[in-house]
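One chain is shown next in structure tokens, namely the form predicted alone.
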């Protein structure tokens, strides 16, 4: 089985981190993986996206042009990639920042107010991890506890304060009923 994902938003939203977490969990699970970041020259605020492919077989190309899963964290990304999602695939939208609704009936669309949830729960900057929780719930790609353990083992001791925030964010996303 092969799953192609595209995470898209702007710099500073944790787009590359989200893709990297999916890729790392797939590697730990013994899958073949590609992770291809793409971002503008700006430090923050410019376009950012990353392609992730998880497969039982070798990955021939790291490019994702027709994703099974699209995570859109801002309106320009939604506008650019919404039509590219494969029929039967998933579109996960941060509805705090995107006020459009998809007219497609051939895909599964999830609207989650990730940025607002992060703010309401005093974990600003964790909207991307909230979305990852919802992605896990919708797709079943990884067991929740296994993914959480994989994510936490990547946090260095110098950033130990992020452990509880990441746990809380993943749980919020996973338990959110869209």
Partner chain sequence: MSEKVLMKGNEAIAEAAIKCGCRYFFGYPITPQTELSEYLAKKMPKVGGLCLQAESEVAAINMTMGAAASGTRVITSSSSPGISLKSEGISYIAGCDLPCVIVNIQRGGPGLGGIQPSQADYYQATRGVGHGDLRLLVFAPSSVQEMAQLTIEAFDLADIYRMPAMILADGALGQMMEPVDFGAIPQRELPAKDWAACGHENKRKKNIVNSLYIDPQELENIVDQRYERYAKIEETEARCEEYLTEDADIVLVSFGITARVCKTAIGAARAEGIKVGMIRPITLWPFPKKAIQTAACSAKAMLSVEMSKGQMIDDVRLAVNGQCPVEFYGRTGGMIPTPDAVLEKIRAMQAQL
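Numbering follows the first chain given and starts at 1. Every value quoted in this text rests on a predicted model; they were computed, and no experiment measured them.
Omitted from view is the form predicted in complex with the partner chain, to which the following refers.
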(message) Only one of 123-131, 138-146, 61-69, 106-114 has heavy atoms within 4.5 Å of the partner chain in the predicted bound form; I'd like to know which.
(response) 61-69
(request) Using heavy atoms only and a 4.5 Å cut-off, determine which of 47, 29, 36, 152 is in contact with the partner chain in the predicted bound form. (result) 36
(message) Quick check on residue 165: any heavy atom within 4.5 Å of the partner chain in the predicted bound form?
(response) no
(message) Suppose contact means any heavy atom within 4.5 Å; which members of 126-147 contact the partner chain in the predicted bound form?
(response) none
